[in-house]
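Presented as structure tokens, the chain that follows is alone, the form predicted alone.
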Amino acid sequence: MEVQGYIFAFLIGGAICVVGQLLMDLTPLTPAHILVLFVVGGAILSGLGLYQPLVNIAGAGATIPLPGFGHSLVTGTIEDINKMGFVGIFSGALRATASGVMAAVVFGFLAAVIFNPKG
């Protein structure tokens, strides 16, 4: 990846994080509300064809933050609908996001086993 790609990834990923931080600081929204807002927003933008150009420019800067998860859900669903028809509605989102969800579960479990949480 060129230096320009790293810069765009940093700027766009950072801008997404800034929006999330501003929402937490300036609104009564909880982190759970913001999480849902970002995932659904990414899904809607992806469904409208507006998120893929951002992914093309920013790469991981657009796919790693929460809107990227919504984009993955919609993209996987559309791909499986085109391949399998109606059944793709149910399989696409799971296929597209299974590895990310599994990694979160495994690493969360390992962190819980290795570290002693204070609470």
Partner chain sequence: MENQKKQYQQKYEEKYKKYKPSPPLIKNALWAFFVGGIICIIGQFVQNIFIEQGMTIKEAGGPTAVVMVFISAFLTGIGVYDEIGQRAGAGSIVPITGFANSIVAPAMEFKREGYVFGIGAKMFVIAGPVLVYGMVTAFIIGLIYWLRI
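Residue numbers count along the first chain shown, from 1. None of the values given here were measured: they were computed from a predicted structure.
One more form of this protein, predicted in complex with its partner chain, exists but is not displayed; see below.
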- Examine A93 and determine whether its closest non-hydrogen atom to its partner chain in the predicted bound form is within 4.5 angstroms. yes
- Verify the contact flag for G85: yes if a non-hydrogen atom of it lies within 4.5 Å of a non-hydrogen atom of its partner chain in the predicted bound form, no if not. yes
- Does L54 reach its partner chain in the predicted bound form if we count a contact as any heavy atom within 4.5 Å? no
- Item | Close approach of A32 to its partner chain in the predicted bound form, 4.5 Å, heavy atom | yes
- Message: Heavy atom within 4.5 Å of its partner chain in the predicted bound form: which residues of 32 to 54 meet that condition, in order?
- Response: A32, I34, L35, V36, F38, V39, V40, A43, I44, G47
